[in-house]
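You are given structure tokens for the same protein chain in two forms, set apart as structure 1 and structure 2.
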Structure 1
């Protein structure tokens, strides 16, 4: 592999934009993941519960999608070669994801003002859009991990990852409801979280097993003796978080009955931690390639002058996104209240 001079803009700028891309995608997966998960769970709830579930994400859901726009924008402008390869290979699931996101966006607003006999249709549209977007993202992830390899086995793996990611989003959504609601809905969210927990765990395990099998380079990064020693805490901590959240969810009904709300936030933090550790492991495996063993970040990057110009814009835009994200969550902190546009 070619050694790059990190003292020069051509060396360090691609690393900076890779970090920004990783940040945008990680924040998107966690934040939009929970509201996609709530959309998937919507069909299991009663009418009043559906309204409260929607109210719990009302102030946040559209801002959460800003991170996807930022991430795709960085990929397009900073790494156009990789963008062309990835989006060309994932044309169909990307199209399906966009259809799903549009459908749920329209349904979110229309269900609030719809007449009573139309509301179930918009609820189903919100559920369908959320499920379609989640499955599409999982399919994209599975295809990306295998380097867009042809063959039945590669596609079956991608389909399994799609199902597991939908379960992971359901886990995030359930834990968000535990944080934002109370009473019967909160207890139902606990059951939903426990129901989605182990498919999520199987998905993380499958990605962890298959990724080193895709590339001998990735296998060597994980399983040489020196690396294995300091990387072992990642799967160990991930397994520990799964066991911790399962134990916490099992004990939750007794805590609620005792009026203990001090740890309502903890399941969501643990589930986000699982996604964070999985993301770290995958990022370590793939680095420095944006397309597995084909195109690295320096090959894919725009010209240094272009990246420097883009960096000025990112320095302005990113703090603004961070500010209004933190501000919105600060203002609407606490339990959710019924949402109304009247």
Structure 2
């Protein structure tokens, strides 16, 4: 690997933008993950529950999806070459994901505005779109990890990652419901969370096993003795979080019956923690490449002058975005209420 002079803008700017890209994708996966997950779970809920589930994400989903636009925007802006390779290689799943996102996005509004007897159809569109988008994103992740390798085995892996990511989003979604609802819906959410837990865990395990097998470079990064010592906490912590959330969810019905709501927020934070650790592990494996072992961030980066111009905006605007995002979440703090426009 070429050594880059990090005191020069051409050296450090790609790193900064990689950090921003990672931040945008991580925030996207967690935030849109929970609302896509609620879409996937919608089919299992009763009619009134459906309304409450949608109400719990109503004020947020638009902004959640914007993180995807930011992520793709940074990829496009800062690393145009990687953007071209990745999106051209993933043409079909990207198309399917977009169609899924379109379906669920419009269904969200149509279901309460169209004629009442069309509502079940829009609910179905919301479910189908959410599932399609989640599966496509998982397929993209699976294909991406293997460096778009041809062959049945790598495609089977991608399909498995697709299922696992849908399960992971269901986990986030049901934990969001535990946080935002109460009563029977909350209990159902606990069951849904427990149901999606094992497939999520299998998915994380599969990605952890397969990624080092893709490239000897990644293998060496993990499995040399020096590195292993300080990397070991990542899988260990992940396993710990899985066990913790499992125990927490098992004890949840008793706790709810006792009127204890103090820990309603905990499952969501733990499941977000699982996503965070998996993300860190993956990011460590791939760094500094944007396309596995082919294109690194310095090869793919735009002209420093353009990145600098954008960085000025990022430095000023991103804190404001984070600030008002937190503000918006605070406005709708606490248990969800039925949605009303006025």
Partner chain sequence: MFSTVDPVLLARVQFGLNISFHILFPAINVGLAWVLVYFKRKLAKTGDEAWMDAYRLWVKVFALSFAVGVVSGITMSFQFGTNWPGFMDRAGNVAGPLLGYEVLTAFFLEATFLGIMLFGSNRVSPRVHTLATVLVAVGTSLSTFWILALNSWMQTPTGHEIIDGKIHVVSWWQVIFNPSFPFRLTHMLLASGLTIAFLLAGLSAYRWLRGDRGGDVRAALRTGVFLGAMLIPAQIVVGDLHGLNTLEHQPAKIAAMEGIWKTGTSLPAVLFGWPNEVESRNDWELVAPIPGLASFYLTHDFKGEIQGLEAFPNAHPPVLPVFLAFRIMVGVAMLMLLVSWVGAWQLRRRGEPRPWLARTLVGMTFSGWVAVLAGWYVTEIGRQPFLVYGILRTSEAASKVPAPLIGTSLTLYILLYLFLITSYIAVLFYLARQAARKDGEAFKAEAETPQPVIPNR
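Residue numbers count along the first chain shown, from 1. All values derive from a computational prediction rather than experimental measurement. So that the term is clear: the rigid core is the largest set of C-alpha atoms that superpose within 1.5 Å between two forms.
Visitor: Return 1 or 2 according to which structure is the form predicted in complex with the partner chain.
Guide: That would be structure 2.
Visitor: Please determine whether the C-alpha atom of residue 320 is displaced by 2 Å or more between structures 1 and 2 following superposition on the rigid core.
Guide: Residue 320 C-alpha, core-superposed: shift of 2 Å or more.
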